[in-house]
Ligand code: BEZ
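In structure tokens, one chain follows: the form predicted on its own.
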């Protein structure tokens, strides 16, 4: 049993003082340090520094580890030149991305307090790494394939990868399903995969309307995606429409990634079906995709998480770098309100989206905890969220299931 006594604690989505917690692998009690010492006289006492803040472990819902070798190889600025550069350099980047490099990427997340992350896996190559990393991993086996001549083979490969991830549950892996995108997955196999997620209650994710080019292709069968599909796949028509794609997920809560180009009507449909959104601010900026209107997302009560995406479209996997970018991207929002919303987007919100027993400091929750130290005493409790985002590069202490990492 351990008792940790910070200066401030993030509990029930607000900050409080003079509260400590007792924990083993779960959070056992929340009370004053004096009362907890009486209740647990043999517990190890961990005293926080004078400006310490205790948070639940952070959750990064959308990461591609397989392209962690990218630094200066891929083209940024617009989605289609980036996608072309991915196709051209994919084999080299995958070959260079060994387990050591992917573990380094996991460690970068760990240092910024990420105790759980969602790994979007196209090939299954990072499963061994995800088994070794101390974090909990929602392992999203990604389905891709729009050409009917190949979809059965690709679907069978997807099933094999899904089975392998199910066999890794004891190693901290949560098996899950990801649908690549509307333009790259045939509706026949899409329906099968969604049915599996529904029947087995597996987490489900899908890239959705990331770029204007995607929207133009799906709506009008034109634009840069037409050239792309003719060049690489000898295709001139999309396999589905926007409405057909999104309706495929009815009654199966889905975490849609990006949704930057979604219309108000499409966001309203997402809200009506109980779906959620993964928001990746830096990736959207680097690929020229636009800004997710989180004010509209909020008004519709759509749950959303903030995630880093992968190093194929980002320069770090540090969750605080992502939160700082979100602060600047959504310049119309009041800073204090936005800061609190962003902290919630990496703690309680993603935990609720995926049904995780974490993301909150609450009795019975997993003891996934991070302690950070602010450089000075905040003027008020209302300032802590913003000051945490502005001044934190890495956490000072971290626990997963009660174990110090």
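Positions refer to the first chain, counted from 1. These figures come from a predicted structure and were not determined experimentally.
Heads up, the form predicted together with benzoic acid isn't pictured, but that's what we're talking about next.
Heavy atoms within 4.5 Å of benzoic acid in the predicted complex map, among the stretches 139-147, 245-253, 99-107, 311-319, onto 139-147 alone. Residue 184 belongs to the set of residues with a heavy atom inside 4.5 Å of benzoic acid in the predicted complex. Although the partner is absent here, residue 123 lies well away from benzoic acid in the predicted complex, with no heavy atom inside 4.5 Å. Though the partner is left out of this view, residue 82 does not reach within 4.5 Å of benzoic acid in the predicted complex, counting heavy atoms only. Residue contact with benzoic acid in the predicted complex: residue 155 places no heavy atom within 4.5 Å of it.
Contacts between stretch 216-247 and benzoic acid, counted in the predicted complex as any heavy atom lying within 4.5 Å, involve 228, 229, 233, listed in sequence order.
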